[in-house]
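Single chain ahead, written as structure tokens, the form predicted alone.
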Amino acid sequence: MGKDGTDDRLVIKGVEFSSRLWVGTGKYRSNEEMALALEASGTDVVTVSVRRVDLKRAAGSLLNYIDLKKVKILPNTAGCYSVEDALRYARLGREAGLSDMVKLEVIGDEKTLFPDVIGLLKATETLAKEGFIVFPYTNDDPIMARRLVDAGAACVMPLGAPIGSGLGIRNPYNIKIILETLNIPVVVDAGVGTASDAAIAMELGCDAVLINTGIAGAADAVAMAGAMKHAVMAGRLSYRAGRIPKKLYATASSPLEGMLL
């Protein structure tokens, strides 16, 4: 329960999330470093690429370094360039017992890693009909976000900037429009490079932030994970507190009325 008495839990399709910082599992220097970073982040959601993980949990599998008592696995279809591949790996992840949730990616271009939004829309509709809780990774187009909702998406995950770029939230205005027009959660995914980027996403009103490279690629991944944790918490609290309006001219912090002359 929030300080103002309101319920500030994040619940998506009946699944409750205790953290608004979601963390990826790729690009760490070691599985041990990844485990320490996940702990420092305080997350309860970790994304795992179905294409790149050993689902049988043999020795060395990163799944063996994730404490399933503390976190939820969010399988993703990273690296899929077609609807057929995305559907195949989403189904494989569910069959392996990872989750009914799926972070759905259908990539359209190898250089930019921008999503193929037409393919994404088709895959979202198919998986939603099959009972998946679909979290599609999309661009920051408010119209496409609305179409994904119509297709059955449980939330939308617009990019802040290209995957792994660390450029931050390049178009906060589109993100704001998405937030104002949708009635489902919005999670910024991709482009967050440092703590201030995460705070900005949360101050806009996003429900959560998904970060991988910004943590894993930092000189000290564990320290950055802790920084991101606090940034997300601060950004959320700032959003709920309600910022002052921006003004062109100064307003005295000490009112002139009642001053002794």
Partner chain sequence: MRLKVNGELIECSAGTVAALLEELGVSAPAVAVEVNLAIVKKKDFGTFALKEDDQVEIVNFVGGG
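Superpose the two forms; the largest set of C-alphas matching within 1.5 Å is the rigid core. Since the structure is predicted, the reported quantities are computational estimates derived from the model, not experimental observations. Positions refer to the first chain, counted from 1.
Same protein, other form: the form predicted together with the partner chain, not shown, and the subject of what follows.
* Give a yes or no for residue 70: in the predicted bound form, does one of its heavy atoms lie within 4.5 Å of a heavy atom belonging to the partner chain? => Residue-level check for residue 70: no, no contact with the partner chain.
* Asked: Do residue 230 and the partner chain share at least one heavy atom pair within 4.5 Å in the predicted bound form?
  -> Output for residue 230 is no: heavy atoms all beyond 4.5 Å of the partner chain.
* To do: Flag residue 26 as yes or no: does it have a non-hydrogen atom within 4.5 angstroms of any non-hydrogen atom of the partner chain in the predicted bound form?
  => Yes, residue 26 lies within 4.5 Å of the partner chain in the predicted bound form.
* 4.5 angstroms heavy atom contact with the partner chain in the predicted bound form for residue 55 -> Yes, contact at 4.5 Å.
* What is the one choice in 95, 180, 109, 150 with a heavy atom within 4.5 Å of the partner chain in the predicted bound form? -> Selected option: 95.
* To do: Consider the chain as shown here, without its partner, and state which of 91, 122, 170, 176 has a heavy atom within 4.5 Å of the partner chain in the predicted bound form.
  => Contact check passes for 91.
* Contact test, all of 15, 20 and 43, partner the partner chain in the predicted bound form, heavy atom 4.5 Å -> Per the other structure, none of 15, 20 and 43 touch the partner chain.
* Name the stretch, out of 47 to 55, 214 to 222, 199 to 207, 231 to 239, where some heavy atom lies within 4.5 Å of the partner chain in the predicted bound form. => It is 47 to 55 that comes within 4.5 Å of the partner.
* Asked: Taking the rigid core as reference, does residue 52 move its C-alpha 2 Å or further between this form and the one not shown?
  -> The answer is yes, as the C-alpha of residue 52 shifts between this form and the one not shown by 2 Å or more after core alignment.
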